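Just the one chain here, laid out as structure tokens, in the form predicted on its own.
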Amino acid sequence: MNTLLRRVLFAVGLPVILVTLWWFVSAGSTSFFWPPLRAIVETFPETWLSGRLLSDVVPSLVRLFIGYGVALAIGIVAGVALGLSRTLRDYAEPTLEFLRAMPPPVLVPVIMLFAGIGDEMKVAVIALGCIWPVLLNTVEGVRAIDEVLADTARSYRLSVPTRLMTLVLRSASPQIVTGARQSLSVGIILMVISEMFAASNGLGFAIVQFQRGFEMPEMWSGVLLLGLIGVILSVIFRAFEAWVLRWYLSIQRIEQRV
């Protein structure tokens, strides 16, 4: 119980301190562009918990989850293939390095030419940015498989699907999950950026509209909402990570005791 309480205090301690500091520092603010936190909090329910929840927040999250899911699927499949085949990796590495060096926001105008200005463009931008952490971590995780285990699997003549599920993916899963966690943060950023270009709804679109309309408390409430979404998704992902890697975490705890 003490350990759980300590973890909770560590998790919420710094955010509480920062929010409290923001509250008191901005309390007497008369700046139009830097409103008091109290005004932002008072504006929050009226701005986001009514019609905009369905018209802006939900569409943004749907695009994020679709783009993120596409990036996970492609990144894991391609990463396993590249990690298992040195020949394929040697052929693909120059092209992958070239594509990885291109920031996804810079490619938004190009993607718009092929995917239009609808949801397809936004999903493509999110997927293009999220794929690299997953892909690269999967490749490294597959390459780091214990050679003794690989030789044992070949000696027992395990089928390819069995080897993939019980050896390759299981051994590489800690690094795959690490890449997936990094991609989630990238996906939230690209979700907002993609909605700032030729959009008609979404969180990014709403924040830009508030800024252009000089509605500063509403704009800051959108920024605050993005932070809350990031925290909630991080907590959900940590729970998923603990469930997927429970075997790995158990081994780590045993090694720490030893």
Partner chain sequence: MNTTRSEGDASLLEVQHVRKVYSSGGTEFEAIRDLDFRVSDGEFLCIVGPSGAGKTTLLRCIGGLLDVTSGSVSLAGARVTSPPEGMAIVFQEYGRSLFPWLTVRQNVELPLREKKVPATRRAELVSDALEAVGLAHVPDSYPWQLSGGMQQRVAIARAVAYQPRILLMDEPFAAVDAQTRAELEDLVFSLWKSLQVTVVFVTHDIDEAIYLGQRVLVLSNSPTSVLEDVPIPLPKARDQLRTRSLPEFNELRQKIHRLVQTAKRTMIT
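Residue numbers count along the first chain shown, from 1. All values derive from a computational prediction rather than experimental measurement.
FYI, the form predicted together with its partner chain isn't displayed, but the following is about it.
Peer 1: Please determine whether each residue of Arg86, Leu96 and Arg100 possesses a non-hydrogen atom within 4.5 angstroms of its partner chain in the predicted complex.
Peer 2: Not one of the three qualifies.
Peer 1: Scan Leu107, Leu149, Ala92, Val77 and let me know which has any heavy atom within 4.5 Å of its partner chain in the predicted complex.
Peer 2: Exactly one listed residue reaches within 4.5 Å, namely Leu149.
Peer 1: Considering only heavy atoms, tell me if Tyr156 and its partner chain come within 4.5 Å of each other in the predicted complex.
Peer 2: Tyr156: contacts its partner chain in the predicted complex.
Peer 1: Even though its partner chain is not shown here, does Trp247 get within 4.5 Å of it in the predicted complex, heavy atoms only?
Peer 2: Contact check for Trp247: yes, within 4.5 Å of its partner chain in the predicted complex.
Peer 1: Is Thr162 close enough to touch its partner chain in the predicted complex, meaning at least one heavy atom pair within 4.5 Å?
Peer 2: Residue-level check for Thr162: yes, a contact with its partner chain.
Peer 1: Indicate whether its partner chain has at least one heavy atom within 4.5 Å of a heavy atom of Leu167 in the predicted complex.
Peer 2: Contact check for Leu167: yes, within 4.5 Å of its partner chain in the predicted complex.
Peer 1: I need the one stretch from 127-135, 177-185, 77-85, 141-149 whose residues put non-hydrogen atoms within 4.5 angstroms of its partner chain in the predicted complex.
Peer 2: Flagged stretch: 141-149.
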